[in-house]
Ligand code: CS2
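The chain below stands alone and is given as structure tokens, in the form predicted alone.
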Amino acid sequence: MIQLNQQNIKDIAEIVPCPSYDRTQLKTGIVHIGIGGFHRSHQAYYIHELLEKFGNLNWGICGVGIRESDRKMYEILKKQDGLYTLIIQHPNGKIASKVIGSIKQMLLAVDNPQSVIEKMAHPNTKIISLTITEGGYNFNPQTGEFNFDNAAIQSELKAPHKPQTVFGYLTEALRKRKKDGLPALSILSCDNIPHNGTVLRKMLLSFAHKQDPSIAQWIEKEISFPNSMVDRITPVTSIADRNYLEQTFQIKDDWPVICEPYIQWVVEDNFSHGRPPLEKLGVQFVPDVSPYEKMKIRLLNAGHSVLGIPGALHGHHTINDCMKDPVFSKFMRLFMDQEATPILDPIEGIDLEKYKDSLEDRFANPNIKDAVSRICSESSSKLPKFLIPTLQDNLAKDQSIKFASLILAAWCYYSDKEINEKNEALEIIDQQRSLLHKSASLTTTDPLSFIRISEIFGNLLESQRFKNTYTSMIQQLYDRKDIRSIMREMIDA
């Protein structure tokens, strides 16, 4: 067994493709906050390909973990010198593995906060990028305003030099760059949030204005926040994935990454201090990302939830299991055709029918066993961005709302019972789990109790049409306890 690290790279290169560029000469032009599976299958992969094919060594990545929960990733990548194996699973069964070398350095903020601040403020750093999940942006999904009630935020406001959150670290690092007279940089969100750069800018400025108005003014004037749309299905790494490398190649990699072959990145071309020439690899740099991100969020991300939530209730364990079920696959396509597509904007160069066809193929990939538990995780942050806006748009236009309404009813039942129809416990991962369960548990006496969580559902209760539709769905679901039969009747109607 060969341990994956820089010392063993020559031996490993005889088995699977490895970096051919000189990693000792890599400069870290990018600091990335939130090193997880998706970042490593997407941005770090793109940068690796750039280094491999074009040899620009100024764009290596320094990975940063902000939270204690990032320790395991930090320790593994540090032990492996930032190296990891990307395993690309094709629908036809082909598997392509390669070692990615673009992550040059790892830092863990809870152990050494100053090292993270120094790295962000280093002259070589031109971009700070983020994958911190939808919930990491600390805003109220209904008002869009920054949440100052967060205890960590309150602590940072009182003690600026003891950052705890991404906002505290960014503000402190930018304060140091300003003090040192260094050029501005770009802060690039790679999370699934509509107008993610615009949202990040608003949240950071809200925090900075409260903490130090002078640095807020400098950020407002100097720092760019490009919007971006990212796409590559990346399931959680399993023990079987690690075993595959050991059994097939005798390579010991403690945290490889699994992904599909499809990859897309659309970025607003708005950078303060240079950017890697990723257009050489097919990344689209455009003046306005909005139509692309809306298409992806309302079709792919919402489509995942439309499969995942009822799938979890019925007892399907993976997204491809859902797609093998003709009721689920047809239901999801009808949602995309009848509720999501009619409210999308025209997108130059995109054939929406072909795009939806490709989503069905990607979701059905039998080698990407994407757990429904991952898709359902943090739904309280996801659905207000992915699904509820489509429902609100269709209410305003007096168009179909039945598919989205059933998903919200299913989410209520899921949050209330916390078991599937086979009496198996659901793996529920959500920061709002207690609130969701409490509200959902009142449904039998108040069918609308779940929807009364205004910070998630906004003004949906103001629509009588929605209340009638949702209440009907709730009654059917609680009476019959059979989500699949309700879905089948809806697609046959």
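From 1 onward, residues are counted along the sequence shown. In this text the structure is predicted, and so the values were computed from the model without any measurement.
Quick note: we don't show the form predicted together with D-mannonic acid (CS2), though the next part is all about it.
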Honest question, do F38, L300 and K382 all end up within 4.5 Å of D-mannonic acid (CS2) in the predicted bound form by heavy atom distance? yes
Would F386 count as touching D-mannonic acid (CS2) in the predicted bound form under a 4.5 Å heavy atom rule? yes
My question is simply whether D81 lines the interface with D-mannonic acid (CS2) in the predicted bound form - judged by any non-hydrogen atom within 4.5 Å. no
With a 4.5 Å heavy atom cut-off, would you call V230 a contact of D-mannonic acid (CS2) in the predicted bound form? yes
Is there a heavy atom of N394 no more than 4.5 Å from a heavy atom of D-mannonic acid (CS2) in the predicted bound form? no
Go through 108-116, 372-380, 155-163, 220-228 and give me the stretch that gets within 4.5 Å of D-mannonic acid (CS2) in the predicted bound form, heavy atoms only. 372-380
Sort through S405, N192, Q89, T125 and report the residue having a heavy atom within 4.5 Å of D-mannonic acid (CS2) in the predicted bound form. N192
Looking at R177, K104, H316, K296 here, can you tell me which has any non-hydrogen atom within 4.5 angstroms of D-mannonic acid (CS2) in the predicted bound form? K296
